[in-house]
Each structure stands twice: as C-alpha cells, then as structure tokens.
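Below you will find one chain, with nothing else, as structure tokens; this is the form predicted on its own, and questions on how it binds or moves follow later.
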C-alpha cells in the first residue's frame, strides 16, 4: 500500500510549492511511481509541475449531477464514472496527477463521492507514494484516504497568521478522526534564524518543525517563465531544503 504524504496550510503559504518539490525529491531518489492529488480548489499543482489541466474530477462530478441519466446504454453508473475518472488521470513517467477541481454544488453527492473514494483507494494500490496537496480544511483528506496518513506537513510562511491557521488545522484532525502517524511544521520563505515570538507560537501548538525553506529567487523565476519545478537545478536553495525534509520521510 502506498505511503500517504499530505500537505496542508493557509492559502499562499507555499504548500503547493512544497508538494511539487516533494514529488521532485521522491522521484530523484527512486521512490516511484507516485500518485499526486491536487485537492485544493485553486488547482495550481499541475501548473507548478508544468502540466496543462483540461478536465478535473469536479467537472465530471458536476456534469453527472446535471444529467445523472446520461449514462450510455448498456453501462452502469459505477463503470461509467470510473471510465471518466480514468480519463482525468494525467500520466507522466514518474508520477501521475489527479486534480479535484471545483467544490461541490447543491444537492447530494454521496453516491458520486463514494465511487470517487473507492476509485482512489483502488488506484493508490499501484503506487509507492500518494502525495496529497490539500485545501486549508481537511475534509478532502478525510474522504479520500480512509483517514490514514503517514506524514502530514503543515506549511506556514514566516508569519504568525500562518501559524495560527496551522493550529486550527491541527485541532481539526481529531474532529475528523484522521489517523496520522507523523505531523510536523514546514516554514517557507524562512529567515536563517526563526524569531523568539514565532518559536513561542510553535511551542504552544506543540508540533515539531520538520524543516525550513528559505527565500529562493529561482522559484519566482520559474513561475514567471511557467517552467516546471521538476526542472529546478539540484543546488537550488528550495530543492536542497526539501531534499533534507524528504530524507526524514525516507528514514521513517
């Protein structure tokens, strides 16, 4: 069964960048194949990986809810939806990507979500790692992984607002009944030394810091030129930092 790595945090703190760099680091270390799931409604992970996203799981779900009787003759609903879900899967050499896309609209999505969960549970059996780029809330993670997570990275930038968002996410974990083996904080755009006020807040949350990622001008350069973060050089400051964080995963 695949090891599940999830990344969560307030929007704009660098969680999607961390997700992409974890995928880069894992593949460089031969830890593949990887299934990565972009569960953030903003759906930016594909872009950071240099991929074009034409259709998402949310599109399939909404189209089906608009016309639940539009299943081709001779095919049941489950097989039809699984066929469409397979078409959404983007397959690369070392990793595959599923994009969740839009959030649910009005109406009961229970049947569609159950099919989606069963599809994901079966699909993940073919991979060594599942990397989950999560929204700020944890509901997607609870639905898609049967509540079992090996490592959860809670990402904040160097700001107390980001840390306070992590505190709320950490409190939410028990409410959702998630079974998480390891939880730790990653600080993006971090200075060389974290200040006392910041560290006091970390201590109050009660979680370890798994690593820090310094400011890296190459991230902005790659973003402006729409380059894949998979192509960052090995000596990039952010790559070096995430490789160190990843080494903790491989050692656990």
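Positions refer to the first chain, counted from 1. Computed from a predicted model, the values in this text were never measured in an experiment.
The following text describes the form predicted in complex with a small molecule, which does not appear among the structures shown.
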Determine which one of 28-36, 52-60, 184-192, 200-208 lies within 4.5 Å of the small molecule in the predicted bound form, judging by heavy atom distances; exactly one does.
-> 184-192
Going by a heavy atom distance of 4.5 Å, is residue 24 a contact of the small molecule in the predicted bound form?
-> no
Heavy atom of residue 214 within 4.5 Å of the small molecule in the predicted bound form = yes
Is residue 43 close to the small molecule in the predicted bound form, meaning a heavy atom pair under 4.5 Å apart or at it?
-> no
